[in-house]
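Starting off, we have a lone chain in the form predicted alone, written out as structure tokens.
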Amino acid sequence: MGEGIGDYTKNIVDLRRHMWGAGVEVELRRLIWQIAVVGKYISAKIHEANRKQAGFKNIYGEEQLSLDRGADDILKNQLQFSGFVRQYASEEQDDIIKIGSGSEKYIVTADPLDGSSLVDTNLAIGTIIGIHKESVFDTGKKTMAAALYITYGPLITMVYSAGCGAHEFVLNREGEYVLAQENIRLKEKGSIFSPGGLRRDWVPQHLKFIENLEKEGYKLRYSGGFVPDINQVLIKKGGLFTYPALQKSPNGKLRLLFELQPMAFIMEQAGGRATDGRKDIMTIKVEKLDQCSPIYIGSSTEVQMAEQFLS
């Protein structure tokens, strides 16, 4: 006889069961689960906006702004009375917001809807979250307890790490996040690269690095969205994403606190690396909320190669 439904469901590992088995502390796993649930609400808001604006492309700019703010409101409101968060900082806020009673254990940073400008083209976008124990105005290695990102695409997926590897979950039809891949590990060397910024604006060292990747036969994979491009490197288990220093923007355009450090935390847990071309992203001190940094993130071979060209 084949497996029955009961036998099949025994083999399914959902998010809460996985975090419990991984030994994630109680408060942290409850917070991660709450944020994962928020991802369902944000996804519903994206789909609602797409249906509402179908055929009205001329006003999509307004809807994009509404989506960004709406995602931020959903996150902030859901965390307000979670019992685990004392401060909230996001790309949509000018300052850190005090929430809860002030005695809670964690600080949450968020890019609530990364890549929202891609919504009207039906490309994947995402949410990026960092969970900190101490002040965010320090180095990520010192303060970060966990990080996660949610990708809203053909499937809704979530990758999280609480310092015990990087793990991928898929939202199933029953509304549960179920384990897809546990302990994702990057290969030492990949075969894809995602370079941001206009080629004409790259500094000479970066241009030579990219030309070297092209000479070695790396395949170009760039959507214009940070979350889907990082997700591709991680799920394909190798490669590189970069948004470099530009001639007129020496710090690039991606924000250290809201985007780069959470992704660096996850990538390092998968055996990869993340640098600004010289320094480990997780060792850079955050001095202001909108601080930007160049980024080279992915397999160790490609990141090391970038450092050699930039040194």
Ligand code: AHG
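All residue numbers are counted from 1 along the displayed sequence. What you are looking at is a predicted structure, and each value in this text was computed from that prediction instead of being measured.
Unshown form predicted together with this ligand; subsequent notes refer to it.
Peer 1: Given that this ligand is left out here, which of 231, 143, 90, 116 has a heavy atom within 4.5 Å of it in the predicted complex?
Peer 2: None of the others qualify; the residue that does is 116.
Peer 1: Let me know the one among 226, 193, 106, 152 whose heavy atoms come within 4.5 Å of this ligand in the predicted complex, would you?
Peer 2: It is 226 that has a heavy atom within 4.5 Å of the partner.
Peer 1: Does this ligand get within 4.5 angstroms of any non-hydrogen atom of residue 36 in the predicted complex?
Peer 2: Residue 36: no, not in contact with this ligand in the predicted complex.
Peer 1: Looking in the predicted complex, any heavy atom of residue 268 within 4.5 Å of this ligand?
Peer 2: Output for residue 268 is no: heavy atoms all beyond 4.5 Å of this ligand.
Peer 1: Would residue 254 sit within 4.5 Å of this ligand in the predicted complex, counting heavy atoms only?
Peer 2: Looking in the predicted complex, residue contacts with this ligand include residue 254, since a heavy atom lies within 4.5 Å.
Peer 1: Using heavy atoms and a 4.5 Å limit, would one call residue 160 a contact residue for this ligand in the predicted complex?
Peer 2: Contact with this ligand, no.
Peer 1: Tell me the stretch among 94-102, 172-180, 216-224, 143-151 that has any heavy atom within 4.5 angstroms of this ligand in the predicted complex.
Peer 2: Heavy atoms within 4.5 Å of this ligand in the predicted complex occur in 216-224.
Peer 1: What residues in 257-296 sit within 4.5 Å of this ligand in the predicted complex, counting heavy atoms only?
Peer 2: Stretch hits: a single one, 259.
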